[in-house]
Structures are given as structure tokens and as C-alpha cells.
Ligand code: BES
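One chain comes next, on its own, written as C-alpha cells: the form predicted alone.
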Amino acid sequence: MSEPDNALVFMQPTSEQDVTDLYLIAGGDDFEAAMSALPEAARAWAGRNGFSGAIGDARLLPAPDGGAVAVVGYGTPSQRSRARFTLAAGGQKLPEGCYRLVGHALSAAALEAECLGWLLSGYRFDRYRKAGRKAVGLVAPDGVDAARVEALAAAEALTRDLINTPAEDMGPADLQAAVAALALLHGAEMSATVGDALLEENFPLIHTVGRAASADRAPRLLDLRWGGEGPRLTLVGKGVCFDTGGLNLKPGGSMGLMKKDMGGAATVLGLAHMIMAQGWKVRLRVLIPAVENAVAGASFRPGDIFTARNGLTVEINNTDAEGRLVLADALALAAEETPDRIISMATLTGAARVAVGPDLAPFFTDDAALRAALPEGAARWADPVWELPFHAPYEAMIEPGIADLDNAPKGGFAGAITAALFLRRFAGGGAYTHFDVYGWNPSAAPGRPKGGAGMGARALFAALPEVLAL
């Protein structure tokens, strides 16, 4: 992993002449008061040319000294409640240059979130097709923790890059290389258990799901460790680099986005970057089962029964419910150390998308402190989450009778909940939280281009310091 892209950091102007003042102008009832902060010539020009303070409206206006000032619409409270990165909505419409935000009334937290959106609006995935980057830079405003905002932007760019990369170039070995690069960047340690060594080290479900892939895409468990003091925090991310569905083969339309099935791994790596870049006093562990669910003579079959790392037997009723299998072994390993918190993130179920759509990151938790802290953390960094229940009466739905657990209960009811309950059986009974993320923006929005996306990581970044008493 390289240092953050220049487009995702604050700009350092070489002189005052290189900087244009930028005003954030509210609309509606607050419009006239906001406009009063502008120089008179700029205010008059804006009025004659229909500027109303609407979200997404951006103008360059004449200043008395012969230069210019910029205005970006901040909208009404009602409009802002439906937006996420308001400043970014207009910022990228300005001409190239360096801008300095002045005359705003934002709180420190709101200002940092808006600055993050501005930096994220500079993201481009250009590995395969070079796209011009518009150099619209922002000077870090006073009171903003620039290093923190840049770390969050770099983490999101890492997550997006990993998800956006096609499976041909982001197989299990490539994901291992990405973890190794992140470890090198932060002075962490990383180990990998690969191929048949998974059986020798008692990771049978990870091996089972990945055993049909070609030798150069062999299944593996990636294990990153960082930090020597403080509470133990273990992150587990689903790293299914491509999912055909196995012998329960997906139709073509459902297979098209399966490069994003390692979105859980990409998201925990982004969160790990935030934590390490900010130097938290924690003992961080990241576990990623990295596999490709391929179709070949060695594919596992519906009706097979396997024994997981923790001794529970699992009946396979659908080979396309493979993510919970690889996570099961990783969670069982995580639980053996009894960390203070275990958090898993996975692109696990279509049921979660049906329940909350593509924007919200649903989570399940039996951790009262984290449950209380997450909504505020989500609001802090424009990273919405929503709690779904570990509903105990549904436990019977994942118990098939012939084995301890069923990987794909029949009937289709409560699919996200039954998957989360399945995972909890392997998490050891401590403080466990699971995120069922989508990992993808189906359409572009300010600061959030179409494509791979981190979900829930920033909410956790804001919530965890309080929960872990850092």
C-alpha cells in the first residue's frame, strides 16, 4: 500500500495569491443572513445570476480586488437531512484551484465530516483507464484534525480500490499482498496459512470452500497483528475474492458483481488503516479468510457435512452460502484469545439489502456499549448504520437435526438474522458485533462514486474509542 493519493489530502498553497475564499451558503430562511458575509460585488452578482444556496450549486464570483470568491450551496435543513456530503456536492463543480473555507457556522465535527466528503470526491479508480483528475484542492480549515481526516480518506480509498479491482487481479494471493503492504506501511506483522496447511492447522471450512480453485488461487487465512498494549480488538473480514456460488451456481446476472464479495475484508482493512494511522493504544488483530468459491471436481457439495474449527458440525444445504463458512473458522480462532471485542464484516446476505437497501450498513450486536455508541459515531462521519436483532427464537432455524448447524435454512425467512446467528455460534460468547455490508454504491453521489464503498468502518472508528476507554 502506498501513501495516500494527492487528490485525497488537503492542499498546501505556495502563497496567498493561490487561494480563493470559499463561502458555504445556506438556502431557505437562512439564505439572506448567509449571503451577508459575502463582499458586496459578489453578493450582487450572485443575486442577478440566480444563486439560491441549493445543494450542488457552486459559483465563482467577482471580488472587489479584481480577484474572485467562490460560493457553494449548503441547502435547507430538510435538504441536508437527505444528503451526506453537502460541501462535496458543489466543490467538484468549481474550477481547478485551491480553496479556503471562510465565514461558515459549522461545528467542528460537521466541518471535519464535510472536509472528508471533499477529499473523497477526488477519488478515481483509474487502474485500467486513466481518467483526468480535476485539481480542486481545499486548505485544511482551522480546528480540523487534518491528519485524522486524511487517514479516513486514505482508508476509504484503500477499501474502494480493493473492491473495484476485478477478481483476475484480486484473488486470494493478491489480497494477501494488499494485507502485507498495509502491514509494512504501519510496522505490523502478518502471517498466512495457505492451501493444505489449512487442514494441518485446523481450518477445515476455509479449506473446503476454497479447495476447488486453481493452485495459484489457493485458499488462505491472513493474520495481521499490530500494537503491544491496550485492549484487544479483533476484526474479521470475509475475503471471498469471487463467488460463483459453487455447485449451486449463481445465474449470470447475480455473478456480475461478485468481485465485491471480499468487501468485508476490504472494509476491515480500511478500518485497520484508520486505527494504525491514528496510533490507537490497542492490540489489533485482523483475520481474513481469503478464498475463491470455484466450480471444479473438488467442489464441496450440497448435503455434505463438515466439522468446523470449534468442533461444531455444519450441513451444507447451499454451496452459495459460503461466506459464513469461512468466517466460522476465523471467528473460532479469534475467540480462542478471548479479545475484548470481536467485530466481523461481510457482504453476507441479499436479505440484508432487501431489509435496508444499499446505503445502510445493518449490524447485529450483543455489546450494549457499542450498541449505544454506534448511532452517534455513524452521524459523526456520515456513515449510516442500522441495528438488526440477534433474535434468539430463530436459533432453531439454523439447526437441521442431522448436524449441529445448517448453512442455508430453507424457507427464506429472516436470512440476514439467521446468518448472523450462525456466525455468533463461533464467536465465543464474548462481546461480538457483526456487520452485513453491501460494499457498493449502485449510483454516484457526492463524495461517493458508483462502485466499491466502505460501510460501517467510520462509524466504528468514532464509536470504539469510547467503548474501549482509549
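A quick note: this is a predicted structure, and the numbers were derived from the prediction, not measured. One rule holds for the numbers: they count along the sequence shown, beginning at 1.
The form predicted in complex with the ligand is left out here; the points below concern that form.
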{"item": "Interface residue in the predicted complex among Lys281, Arg301, Arg80, Lys250, criterion: non-hydrogen atom within 4.5 angstroms of the ligand", "value": "Lys250"}
{"item": "Proximity to the ligand in the predicted complex, single hit among Glu156, Glu322, Asp329, Glu112 (heavy atom within 4.5 Å)", "value": "Glu322"}
{"item": "All of His273, Leu374 and Asp383 with a heavy atom within 4.5 Å of the ligand in the predicted complex", "value": "no"}
{"item": "Residue stretch of 99-107, 119-127, 180-188, 259-267 approaching the ligand in the predicted complex, non-hydrogen atom distance within 4.5 Å", "value": "259-267"}
{"item": "Proximity of Phe426 to the ligand in the predicted complex, heavy atoms at 4.5 Å", "value": "no"}
{"item": "The ligand contact at Pro95 in the predicted complex, heavy atom, 4.5 Å", "value": "no"}
{"item": "Proximity of Asp243 to the ligand in the predicted complex, heavy atoms at 4.5 Å", "value": "yes"}
{"item": "The ligand contact in the predicted complex: Ala408, any heavy atom under 4.5 Å", "value": "yes"}
{"item": "Stretch 341-362 - residues with a heavy atom within 4.5 Å of the ligand in the predicted complex", "value": "Thr347, Leu348, Thr349, Gly350, Ala351"}
